[in-house]
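Look below for two forms of one protein chain, each set out as structure tokens: first structure 1, then structure 2.
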Structure 1
Amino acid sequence: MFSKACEYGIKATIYIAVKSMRQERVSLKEIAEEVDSPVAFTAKILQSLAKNGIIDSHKGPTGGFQIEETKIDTIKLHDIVHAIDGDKIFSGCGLGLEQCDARQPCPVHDKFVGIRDNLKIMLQNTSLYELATGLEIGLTHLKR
């Protein structure tokens, strides 16, 4: 459903949020290791997240990535997905067809519209804080 970049971006943002809640900055290398992503690919994803105001990037010997603690509760999963994949997930065809709508639907169109709408609602209502807290207290994990 999400691109690989988006999957890594969600995991990276959650990890950065956990560290930020502890007032820690985290390095590119540490993030890449934690989310099991190649360093160069992770760098491009983090650049997109920083450009969209999701995370903050700090250069220098004490640099790294972090999220302002006051922003962690206001950032929604939808914001992260939008920063990396845009909104195509909410309008694209379930089978990937160029032209698919109610007038000329693909075989899964009618069922996929409902799934897409429910996904959008879930993404808009799920906060980064909620996801980071689940990870912090051990209810969830980022890799197996």
Structure 2
Amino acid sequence: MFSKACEYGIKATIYIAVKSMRQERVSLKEIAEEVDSPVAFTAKILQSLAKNGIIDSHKGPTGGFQIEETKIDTIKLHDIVHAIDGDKIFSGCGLGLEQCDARQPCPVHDKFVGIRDNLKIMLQNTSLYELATGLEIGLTHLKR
């Protein structure tokens, strides 16, 4: 469903959010450990999240990643996925046709659109805040 890059990116962002709610900055190394993801690859993903304004990055000693606390509940899962994978998940024909819409649909158009709308709505309605809170209170986990 999601690419590996997205999986790592979502996990990392949630972890950063939890720490940010405690006014703590986290290093790439710590993130990769806590999220069980390859360090260098995770670095790339965090880079693109930073470029997209989802997270803040700081170089040097005491550097690391963090998220503005006020942003944590405005950021949605949708924003994270979009920053990493673009909108290819949300657009395009289910069977790969160039021209496919309600007027000239492919055989699965309607059914496919329905599912994808569900996905999009879910992503747009899920806030980073609720994901981070669930993790912080031990309701959910990020490793293994």
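Shifts are known only where both forms have a C-alpha. Rigid core here is just the name for the largest C-alpha set that superposes within 1.5 Å across the two forms. FYI, numbering is relative to structure 1, first residue = 1. This one's a predicted model, so the numbers in the text were calculated from it and none came from an experiment.
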For the form predicted together with a further copy of the same chain, pick structure 2
Using a superposition on the rigid core, decide whether the Cα position of Cys106 changes by 2 angstroms or more between the two structures. yes
Mind listing the moving segments between the two structures, meaning three or more residues in a row, each Cα shifted 2 angstroms or more, core aligned? 91-113
